[in-house]
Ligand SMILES: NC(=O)c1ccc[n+]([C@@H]2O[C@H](COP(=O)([O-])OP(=O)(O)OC[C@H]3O[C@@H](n4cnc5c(N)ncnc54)[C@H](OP(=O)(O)O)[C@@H]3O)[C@@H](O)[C@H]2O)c1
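To begin, one chain is listed below as structure tokens, in the form predicted alone.
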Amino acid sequence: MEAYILEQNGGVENLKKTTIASPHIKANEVLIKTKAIGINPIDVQVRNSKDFLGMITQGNIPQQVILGWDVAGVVEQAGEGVDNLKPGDEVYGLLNMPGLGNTYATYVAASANQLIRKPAELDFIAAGATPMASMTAWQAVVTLGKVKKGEKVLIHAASGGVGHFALQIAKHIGAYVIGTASAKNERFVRALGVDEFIDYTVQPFEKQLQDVDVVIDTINSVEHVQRSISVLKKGGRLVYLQPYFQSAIEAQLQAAEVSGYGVFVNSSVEVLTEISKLIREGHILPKVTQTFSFDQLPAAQAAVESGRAIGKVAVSVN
């Protein structure tokens, strides 16, 4: 099979496409013929940083590192003990997070309990782009943010991968949703149903908002997260995507009398099942705005790394 090996941490040029043996499946695993891969910011972070690679693997870095966690494809083989999937099934999932999902490959071995059948409403590209971002958004909005109908919710980078899912989930719950993005992405965000749009380039959001119930801050900046605290009402909830920010913001959280929660998404077939239900019912839909071929996978990572990607970036395989 073909796969991208991370030769060493650093730039995108360190992702090298090579031919290696296809994985052998164990009991309770399936072999997937890959059809699509979602590219996420953590892919870039782990590629760039040996510290991140060590954190994600809990110090167990294999000799051969294959990145990628999102996958959609077709079951080629089912191992002993697998009774929920069979060859020919179209599946998708977030694999082995935390750990290495090894999805930057034309074949992927995966635990059968981390995969579910792909909704018919999604093609493979959309399905491959969905798991990590949508599950992060679910955990931010539902599990940690505990967003309720009628609450005022601010979502930063509402045009981004996690942000555009979080917006749709919060709207489905019945929240009043405010989304930030730049003016060029306003049409995209408004099409998702946002109640109020803020162009963050015109005026700081904290000068325009107050008494927000929940903030979902997807920006990788301690300073930005601290600004988000200032718009929350007492008893409000802040959810941010970089859990290691906690120590830097703890004092400000306490002073403002608000709660703060860092999201670290975990593989969860239960959460993905909830996402699939919302997709089937038409409440949420992934928006894939850039699709690359497998040969162009490094360019797909570069698109995500630019910080300017709208919606989701995906790679089409086979």
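Residue numbers run from 1 along the displayed sequence. Just so we're clear, the structure is a prediction, and the values are computed from it rather than from any experiment.
The form predicted together with the ligand exists for this protein as well; it is not shown, and the discussion that follows is about that form.
With the partner omitted here, the residue from V46, V30, V265, L272 that has a non-hydrogen atom within 4.5 angstroms of the ligand in the predicted bound form is V265. Proximity to the ligand in the predicted bound form, taken as a non-hydrogen atom within 4.5 angstroms, holds for one residue of A72, V177, V108, M132, which is M132. Residues with any non-hydrogen atom within 4.5 angstroms of the ligand in the predicted bound form fall in just one of 208-216, 109-117, 168-176, 183-191: 183-191.
At the 4.5 Å threshold, heavy atoms of G10 stay clear of the ligand in the predicted bound form, well away from it. Under a 4.5 angstroms non-hydrogen atom cutoff, the ligand in the predicted bound form has L241 among its neighbouring residues. In the predicted bound form, the ligand sits beyond 4.5 Å of every heavy atom of G236. In the predicted bound form, the ligand lies farther than 4.5 Å from every heavy atom of V153.
Scanning 285-314 for heavy atoms within 4.5 Å of the ligand in the predicted bound form gives V304, G307, R308, A309, I310, G311 in sequence order.
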